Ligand code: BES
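A single chain comes next, written as structure tokens; it is the form predicted alone.
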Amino acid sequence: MTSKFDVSVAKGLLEQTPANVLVVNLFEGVKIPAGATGAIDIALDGLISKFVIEKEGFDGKFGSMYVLPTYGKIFAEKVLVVGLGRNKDFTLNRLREISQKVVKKCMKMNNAKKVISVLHGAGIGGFDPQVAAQMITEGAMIGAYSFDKYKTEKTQKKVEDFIIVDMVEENCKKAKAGVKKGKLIASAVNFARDLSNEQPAYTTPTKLAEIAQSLNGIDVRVYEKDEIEKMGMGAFLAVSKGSSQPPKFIHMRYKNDKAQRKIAIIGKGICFDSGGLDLKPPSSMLNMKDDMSAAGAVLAVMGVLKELKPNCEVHGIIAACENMPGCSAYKPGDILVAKNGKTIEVDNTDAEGRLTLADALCYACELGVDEVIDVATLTGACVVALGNTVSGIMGNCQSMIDKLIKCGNAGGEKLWQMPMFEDYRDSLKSDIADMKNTGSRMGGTQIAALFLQNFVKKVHWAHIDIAGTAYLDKKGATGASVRTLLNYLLS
């Protein structure tokens, strides 16, 4: 949660715009700055070219930075020279990343409340000013994020205003449109991060339902425990039995009269996962408040659809509950009946997310949608396989998977397709039910996806496992999948 922070666009000359910090850039290997950086170099009597580059050896490698006092030669107090790396390697993702690094750097500086910046990437970088401004905005707002709600002393320095300055009217016009879109996307990412970073005592199933009902321009129906039971969601209800917190089944709908397709997005909503009676060890339970990260992502996406206006109808679905070891908790050996009538033998109560998703998938497939995407912090096996920078993706439609991977890459979120070999389905076989909820530890990610596939009917379906990417040690929640989903819905 950040305090005051805003990104805007202003028409003018950089050297005549008052600021605490002015951000300019250099590509790797450049000896004589050109464009806006060149103009600032001239205004500083060659300090960038003669001192920073020639004397200090600044080479413009990606992410390198140099802080230069201006000695009153221009209106800004300091210049931050930023390396963009090699021109041929410069991408929109790198532009977003460098903008994030810039804001984080400024937050460590003394008195950097007002930062002005060139429109990175719109000159020699070759990007459209609108797209460049969007990437800068996304990076800046994500970089400025911090979750200090519960700290009595706010020690982190704040950047309050980040202003993109350009002297060309048409560039400014395009940049303003880019900033507007970038703000919506970045605010959605940070909203999801807030929910995942929150204490579990706050983000209960009831709270998620309240947040859903507060979203602007979204139709919302929240099903209570008795209604969930009437719908036959025995798998979802079983997971919730050990908690004093009542379950909530949340269905959000964004309508568009010109919709050309209908898409359901499902977010795993385990608000805290103790493991149930198959209790997790303390070290594994510590960050289990993040097991609702996908639900937070779906809430964040639904919250900005009215402004972004995608040309599709979107259903956001969350089966929200806690997995706790209370006296009524479901047990290993229990037989559960899912919404579609399939029976499940509980092999491990800590494989609860797939049980809640099973009923959510059944519900989604009954809505008459064309596509279903479920997102979940589902398997530790995915973390082992792909680490914490790549999410796994599987499904039954290759063109849909390919498109999601492309949309993820465009948003700076890497996805890697995992196999779903039928050979692994045997490990889910049960002697007393249609299936078990867990199989072999080997190939665990695809086995979980094969389990989910039992509850998908007559729709194109993709499953995204964000177990490794949703929450990072020492950095907290990432808002994983928000940009991927928004890019996909807007594509």
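One-based numbering along the sequence shown. All values derive from a computational prediction rather than experimental measurement.
There is also a form predicted together with this ligand; it is not shown, and the following applies to it.
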Problem set entry | Option touching this ligand, based on a heavy atom within 4.5 Å in the predicted complex, out of Thr70, Asn454, Ser49, Thr438 | Thr438
Seminar exercise, completed: Checked Thr389, Thr343, Asn256, Asn348 for heavy atoms within 4.5 Å of this ligand in the predicted complex; positive is Asn348
Problem set entry | Candidate site Ala264, Glu371 and Ala449: all three near this ligand in the predicted complex by heavy atom within 4.5 Å | no
For this session: Sort through 403-411, 137-145, 283-291, 177-185 and report the only stretch with a non-hydrogen atom within 4.5 Å of this ligand in the predicted complex.
Result: 283-291
Problem set entry | Contact of Glu322 with this ligand in the predicted complex (heavy atom, 4.5 Å) | no
Exercise. Does Thr203 reach this ligand in the predicted complex, with heavy atoms at most 4.5 Å apart?
Worked result: no
For this session: May I ask you to check whether Ala480 falls inside a 4.5 Å heavy atom distance of this ligand in the predicted complex?
Result: no
Exercise. Taking heavy atoms and a 4.5 Å cut-off, does Gly326 contact this ligand in the predicted complex?
Worked result: no
Exercise. For 363-383: residues with a non-hydrogen atom within 4.5 angstroms of this ligand in the predicted complex?
Worked result: Thr377, Leu378, Thr379, Gly380, Ala381, Val383
